[in-house]
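Just the one chain here, the form predicted on its own, laid out as structure tokens.
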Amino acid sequence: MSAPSIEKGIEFIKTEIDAPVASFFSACVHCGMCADACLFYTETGDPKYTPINKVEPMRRIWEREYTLVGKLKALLGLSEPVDAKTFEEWETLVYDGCTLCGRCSLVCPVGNDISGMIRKLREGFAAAGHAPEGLIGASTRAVEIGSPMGLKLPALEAQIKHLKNDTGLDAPMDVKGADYMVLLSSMEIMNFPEYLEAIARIMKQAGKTWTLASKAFEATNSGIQIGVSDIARTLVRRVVDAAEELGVKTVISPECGHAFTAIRWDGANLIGRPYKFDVKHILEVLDEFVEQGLIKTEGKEDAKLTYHDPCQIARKGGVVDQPRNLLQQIASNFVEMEDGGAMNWCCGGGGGVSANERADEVKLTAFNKKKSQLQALGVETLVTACANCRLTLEEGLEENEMDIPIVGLTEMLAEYLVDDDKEKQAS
């Protein structure tokens, strides 16, 4: 990243104003539906959090630079320019008050991709030096170290050693020609090591070859979150290079929302060419294994539980039926949250908000939406499929003194696998 400046930020925003963005601004009918779809607005009641208002700096630049009316208003001094003050005022809206969840885009009656515009707007804000310190640090560590949390290969190797000692299972590294290359997020390695154990158990029973890549085990893409395409491209290319060097058939995105968006939907466009491998979310792979009879489960969870759909996985990624198929396999008392699936409400920590300490207060306020959903159901367990969601939900539940355990779906499925060794002994 080059030295930031307001002028550079404005120029970056100009480059992001393409035909779709121009049509979005022209089409907006100011109906307010995006406001009712945004948990930052519904939970604070503050109109500044209305999604279309968050892209106001981009709208002003579009109007002044690219419309006849806007140019005339600028000449007559009737429009407000975008300047240093604008960047200062809108920075918290662009980064703290938006998780890029896309719910506003889904409900817009004229099809405006508001969350997509906010992400484009972040490109300009980052170029102007107006981005949260937490996201700047995470992005720098991701590029220089390989992980936004500063986690290095020895930390993963230590987890693999624990896995071997505790279970006898292995997590292969740099195996060429494997069926699957498994990606992890730093949060799974540091906070939820049971995910790696679950993968090892599932792959063993499914009879699939798999590998981790020493050069690209990290899936999290902080470049997507901060809005810097160069960083996002660098991080995607690492994964692509490793997967193609190893010659794997499929790359598995882990239980991490923005990681899935980055590698599955944005990656090929970022690097400018198609992949030589498939990309699937772990839930898609698990659903395929169950459908093909490659893994078998026994018993079911009796506790009343519900599933939180991670926004990037469900709404933007289309992985909606798969988690429900899996839960029907292993849970006898699964209940749907109101507005589940593609219309789910965000946990409040996506889009880099969880890495932004400045946003903690508004994030916990936004959590009230999820709190009310859970209270309405009276569930005993909450299941999800995103490590970032899991940490955000845990924080919100603790803050509200709600004693509801949270488990990852991959981990839960692994707990109900038929024990092959016991089955062989019985036969």
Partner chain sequence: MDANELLAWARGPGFDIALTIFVAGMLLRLFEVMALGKKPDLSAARGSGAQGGMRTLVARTLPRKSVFDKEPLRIINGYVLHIGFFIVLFLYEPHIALFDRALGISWPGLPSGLIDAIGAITILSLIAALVFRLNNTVMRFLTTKGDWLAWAVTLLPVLTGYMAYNHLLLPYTLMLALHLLSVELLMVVAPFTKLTHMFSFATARWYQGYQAGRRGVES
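Numbering follows the first chain given and starts at 1. Keep in mind it's a predicted model, so treat the numbers as computed, not measured.
If you look for the form predicted together with the partner chain, you will not find it shown, but the lines that follow are about it.
Although the partner is absent from this view, residue 200 stays clear of the partner chain in the predicted bound form, with no non-hydrogen atom inside 4.5 angstroms.
Within this chain, residue 137 is remote from the site of the partner chain in the predicted bound form, having no heavy atom within 4.5 Å.
By the criterion of a heavy atom within 4.5 Å, residue 361 is excluded from the residues contacting the partner chain in the predicted bound form.
In the predicted bound form, the partner chain sits within 4.5 Å of a heavy atom of residue 111. Each of 18, 30 and 47 is positioned with at least one heavy atom within 4.5 Å of the partner chain in the predicted bound form.
Exactly one listed residue, out of 61, 382, 52, 39, brings a non-hydrogen atom to within 4.5 Å of the partner chain in the predicted bound form: 52. In plain terms, the part of the chain that comes close to the partner chain in the predicted bound form, with a heavy atom within 4.5 Å, is 308 to 316 out of 243 to 251, 154 to 162, 308 to 316, 79 to 87. Contacts with the partner chain in the predicted bound form, taken as any heavy atom within 4.5 Å, map within 247 to 279 to 260, 264, 265, 266, 268, 269, 272, 273, 274.
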